[in-house]
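The chain below stands alone, shown as structure tokens; this is the form predicted alone.
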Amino acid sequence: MPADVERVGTGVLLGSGLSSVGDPFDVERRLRFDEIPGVGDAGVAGHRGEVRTVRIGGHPCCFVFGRRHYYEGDENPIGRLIEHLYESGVRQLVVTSAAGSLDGSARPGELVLVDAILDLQFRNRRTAAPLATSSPPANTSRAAAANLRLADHLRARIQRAARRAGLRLNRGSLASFPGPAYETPSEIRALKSIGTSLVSMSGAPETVAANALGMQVAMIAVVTNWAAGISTVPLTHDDVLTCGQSVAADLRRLITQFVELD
């Protein structure tokens, strides 16, 4: 990080339909995804493809407006984007994702603090983790757990922030699927049978990359729909974006409190 650039500290990655969360804050620096070597344009609707440094209550915060997805065909841009945040001084990252709910514990329009991630994307985790060691560790199960680690102290701080913001914050586990197709009802039934609360097409790759760099990670899921088979209404990306936009103000209040507690 250049000596004349202030360390940002906190980064927030905004998922589908959530870009308006970061809009009200004064912008200090702005960078498009395609200006970051190795990242490229965001290619999915509802993902603006921009990184901004803003001020929240005097604290610098880096918002990532959208993401690159594993299903776009190349996981390298995911790791490169997280590496760019690290190079900018970000050491704690809040990942947000639109998610489908598998049960009544969280309904569309609600926020969920993710306690654990079930990584079902079956990708090469090493590619998405740019600074990982070149040889696989001897204890691969322990390494996988470390890759998906969610920081207890950040989760506790998010809970305090939710109380200060007067927001209900559910808790649950999230399965990260490959996408871009929605999950089938039979897959949802299988996930429910092992106690999974939510399903998404993102979250795991960024968590792996951030942990490989030594960053602290927390994840907030924004419930935008019922999972396949829970509701008889067909799932569409437009509906996901609409619901995400409807809950953006609540997420903004939560993130504001979280950053000010730093």
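Because the structure is a prediction, the values reported are computed rather than measured. Throughout, we count residues from 1 along the sequence that is shown.
Although not depicted, the form predicted together with hypoxanthine (HPA) is the subject of the following passage.
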Legend entry - One stretch from 208-216, 194-202, 59-67, 30-38 that, in the model of the complex, holds residues within 4.5 Å of hypoxanthine (HPA) by heavy atom: 194-202
Inset, instruction - Could you tell me if all three of 182, 235 and 240 have a heavy atom no more than 4.5 Å from hypoxanthine (HPA) in the model of the complex? - result: yes
Legend entry - residue 162 within 4.5 Å of hypoxanthine (HPA) in the model of the complex, heavy atoms: no
Inset, instruction - Would you please decide whether residue 82 lies within 4.5 angstroms of hypoxanthine (HPA) in the model of the complex, comparing each non-hydrogen atom pair? - result: no
Inset, instruction - Answer yes if any heavy atom of residue 225 is within 4.5 Å of a heavy atom of hypoxanthine (HPA) in the model of the complex; otherwise answer no. - result: yes
Inset, instruction - Indicate whether hypoxanthine (HPA) has at least one heavy atom within 4.5 Å of a heavy atom of residue 117 in the model of the complex. - result: no
Legend entry - Those residues of 84-114 which, in the model of the complex, come within 4.5 Å of hypoxanthine (HPA) by heavy atom: 98, 99, 100
